[in-house]
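One chain is shown next in structure tokens, namely the form predicted on its own.
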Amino acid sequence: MDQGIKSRPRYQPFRIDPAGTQHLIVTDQPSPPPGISGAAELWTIAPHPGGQSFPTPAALLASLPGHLARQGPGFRLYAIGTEPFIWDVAYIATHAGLTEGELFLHHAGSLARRVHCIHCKTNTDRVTTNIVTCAGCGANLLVRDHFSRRLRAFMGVQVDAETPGILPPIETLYP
């Protein structure tokens, strides 16, 4: 559903930044993409030879701030995975002081979205349809293509505010 909204993130293909001197790749994918060289440290949620594995994405994200605090000039961070994961990494990295030139985001895997209800401010994760019931207030939300980098989510607005219970067809758009 292209709504003509320009806030939708655009991602570049994965590549190691040659200007970096230290590289950390974090991913929530079962296997990292091809092109990862031995010069980069790898954090995954699935065991991978030569990498550090974590039991869940939350565990990986919890370990990230301390690691970033110990990094110096030339450090590069690459987040590869679903949009909620890579934007959670971006949030942590930004708060740790990394700049846009030190952080690289690469979408991989599911297109499922995190949707932010503009009415109750609750996030609903793993949304694959154009209409979703808010996990907080129960409103029927239209999943807009407007992405907020600050909130790390797509915006959801009540679709049946004027005609309660009357919804457009629900379609799977983000498998």
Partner chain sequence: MTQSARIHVRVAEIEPLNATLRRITLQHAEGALLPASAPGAHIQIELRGDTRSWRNAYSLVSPPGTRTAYSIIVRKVPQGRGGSLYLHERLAVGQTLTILPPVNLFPIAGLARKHLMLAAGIGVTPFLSTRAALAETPFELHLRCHAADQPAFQTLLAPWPHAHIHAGPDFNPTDLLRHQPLGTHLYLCGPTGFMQAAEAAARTLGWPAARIHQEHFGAPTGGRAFDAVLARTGRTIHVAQDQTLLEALEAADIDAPSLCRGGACGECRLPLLAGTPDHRDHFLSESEHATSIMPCVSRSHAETITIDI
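Residue numbers count along the first chain shown, from 1. These numbers were taken from a predicted model, which means no experiment stands behind them.
The following text describes the form predicted together with its partner chain, which does not appear among the structures shown.
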Heavy atoms within 4.5 Å of its partner chain in the predicted bound form: does Leu68 have any?
yes
Gln12: heavy atom within 4.5 Å of its partner chain in the predicted bound form?
no
Quick one: is Thr21 in contact with its partner chain in the predicted bound form, heavy atoms, 4.5 Å cut-off?
yes
Taking any heavy atom pair closer than or equal to 4.5 Å as contact, tell me whether Asp88 reaches its partner chain in the predicted bound form.
no
In the predicted bound form, does each of Arg76, Gly97 and Glu102 have a heavy atom within 4.5 Å of its partner chain?
yes
Using a 4.5 Å heavy atom cutoff, which residues in 116-138 contact its partner chain in the predicted bound form? It's fine if the answer is none.
none
